[in-house]
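Only one chain comes next, encoded as structure tokens, the form predicted alone.
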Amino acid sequence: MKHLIKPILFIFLPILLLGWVKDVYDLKIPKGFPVPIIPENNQLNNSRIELGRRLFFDKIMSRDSSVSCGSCHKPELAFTDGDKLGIGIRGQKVSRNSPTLTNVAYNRYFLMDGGVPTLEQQIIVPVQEHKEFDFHFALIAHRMQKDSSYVQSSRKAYNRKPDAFVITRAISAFERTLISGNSNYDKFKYQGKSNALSNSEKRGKDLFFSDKLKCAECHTGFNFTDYSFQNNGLYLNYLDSGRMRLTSLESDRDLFKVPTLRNIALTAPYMHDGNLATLESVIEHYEIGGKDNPQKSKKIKGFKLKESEREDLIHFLEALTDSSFINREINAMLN
């Protein structure tokens, strides 16, 4: 028997190694981007990502099997939904606009008030919210266990049967692959393609980063956000108290996380409650300096643009659209 062990290992080891190599996922990091932090217990591989993608678009996640994560986060809209407010089961509207999942792997915290520290924990929120999925992980897992393909995929990905651990980790693994860094702006800025931006887009870029507009004081860095919490003077009186809901601090009243501007042309309507329908209306809001809310950021003072400058600025914002990112996820859904 001893003499048989080496030949058997010689035969099967290459097969095992080939299976391991096939399961390795090569996360493509765009030029100018850092490597995202990924938890040790949820390192990326193809099995985990594919399981997460399937769950993300499966209505099995909601109590009445009517909505999925993908209902509010559609690839063609840079993982938003085009509605003012997210819509859950029984057509119920939630209190906030559905944020893009573009580059969510780089978020330092989650939800518009920063109330959740990890992506894995964020997955819990829509499942348990009564106006979203209104469900329980044990019941989702029970549904999965009735499907042999889900059981097989769970064991392959995490070496365990479907449960809350598998569900939250798999969806998080998939969402960490939603990295977008191939817009025309990226080609110009990071890939050295001087003709990637039109003259109008270049003028808009200069306006965006100018001291006159100060857009880049909050929408900064490779992901166009400093991840801070700000009040932009959207209302005099807010129905949603923002970060104060989490901290109970008066100093946090009406503050919301600064969002990324990547793929912004696809993610209308804008603001935490979807109140502004177009990029034009967003620019107009900042031109007039917003409402005089006592919490309004001191950075927002208003400015005046010529019509041609306004067009240039919009053209620059449109140049943050990464069509290869959008098409990649649409094609993945179809295959």
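From a predicted model like this one, the values you see are computed outputs, not experimental measurements. Numbering starts at 1 and runs along the sequence shown.
FYI, the form predicted together with heme C (HEC) isn't displayed, but the following is about it.
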{"item": "Contact check for 166, 170 and 186 against heme C (HEC) in the model of the complex, heavy atom at 4.5 Å", "value": "no"}
{"item": "Heme C (HEC): the contacting residue among 219, 156, 253, 205 in the model of the complex [heavy atom, 4.5 Å]", "value": "219"}
{"item": "In the model of the complex, the one of 141, 179, 111, 244 near heme C (HEC) [non-hydrogen atom within 4.5 angstroms]", "value": "111"}
{"item": "Contact of residue 270 with heme C (HEC) in the model of the complex (heavy atom, 4.5 Å)", "value": "yes"}
{"item": "Touches heme C (HEC) in the model of the complex: residue 74 (any heavy atom, 4.5 Å)", "value": "no"}
{"item": "Contact label in the model of the complex: residue 60 to heme C (HEC), heavy atom within 4.5 Å", "value": "no"}
{"item": "Residue 299: touches heme C (HEC) in the model of the complex, heavy atom cutoff 4.5 angstroms", "value": "yes"}
{"item": "Candidate stretches 205 to 213, 142 to 150, 191 to 199, 158 to 166 - the one whose heavy atoms come within 4.5 Å of heme C (HEC) in the model of the complex", "value": "205 to 213"}
{"item": "Residues of stretch 29 to 53 in contact with heme C (HEC) in the model of the complex (4.5 Å, non-hydrogen atom)", "value": "none"}
